[in-house]
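This document starts with one chain, in the form predicted alone, laid out as structure tokens.
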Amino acid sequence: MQQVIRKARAKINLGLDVVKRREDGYHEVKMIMQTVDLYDELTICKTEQPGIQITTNVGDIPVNEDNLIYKTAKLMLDKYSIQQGIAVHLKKVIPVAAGMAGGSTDAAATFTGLNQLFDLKIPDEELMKMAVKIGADVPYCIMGGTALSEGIGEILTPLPNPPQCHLVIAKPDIYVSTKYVYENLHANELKHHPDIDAMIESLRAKDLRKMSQQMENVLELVTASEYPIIEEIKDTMKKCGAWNALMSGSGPTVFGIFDREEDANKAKELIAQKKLAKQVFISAFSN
């Protein structure tokens, strides 16, 4: 085998709670992660020359050792004493710095892609243990589907997949610093926490409407206060018929859950018309 092509799927947070800030500065979380049918594409090839080459269709993405694809490839090549070089072309579709694990899912696709390309036969559980060294979201991105994420994001419990629906995903043209959001949350002083357990019960009951109504993201306390456009996008989606709308991760991406395709299309058109977001997608849950 000389080449593999991998889809690197984005994630959204159906619910996100920050339980506490630990003494070491890390935050303990409790969140429901969900992959969606929006993905980057990685083409990974063996090369005659040793080393790691990365190309991409987006100009402002680093293609050196700062890229998580590069870090993952180096970890794998070194650990398994692979002398051959690789070339990776990243076709980027997931918005950058969007709260959708775009970099983490590209790293996950690199782990699974190199495993296949060099016929290493490493179980996913082993890949996921290695992946923590690259980033807290990377193990989940290897697993995919619906999962409860705890600890700093590395403790994963598979959950039942939600019933299918129509998603509108909108990324406003703003940059949000994840570090800033967590530092300004003051997690140990929070008076209210999202009821993640109730959401899990609704998922188990296959009641998507009830689960949608229970969705909360505690990080909105910081990001939505700083950037009112997030609430404006959420309100626009709800007025168009969304059961609910929520910010994903630390933002700024907002997604809405729709029962009817025509309502989802109407929301997408209205968000674009009002210039609330630079990138708007219609998507769906992915296993």
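Computed from a predicted model, the values in this text were never measured in an experiment. Note that residue numbering follows the sequence shown and begins at 1.
What comes next is about the form predicted in complex with a small molecule, which is not displayed.
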Exactly one listed stretch (146 to 154, 97 to 105, 184 to 192, 200 to 208) reaches within 4.5 angstroms of the small molecule in the model of the complex by non-hydrogen atoms, and it is 97 to 105
> Is residue 66 close to the small molecule in the model of the complex, meaning a heavy atom pair under 4.5 Å apart or at it?
Replying inline: yes
| field | Proximity of residue 9 to the small molecule in the model of the complex, heavy atoms at 4.5 Å | value | no
How about residue 142 - does it come within 4.5 Å of the small molecule in the model of the complex, if we only consider non-hydrogen atoms? no
**Asked** Hey, in the model of the complex, does residue 61 get a heavy atom within 4.5 angstroms of the small molecule?
**Response** yes
Would you say all of 90, 137 and 178 touch the small molecule in the model of the complex, counting a heavy atom within 4.5 Å as a touch?
yes
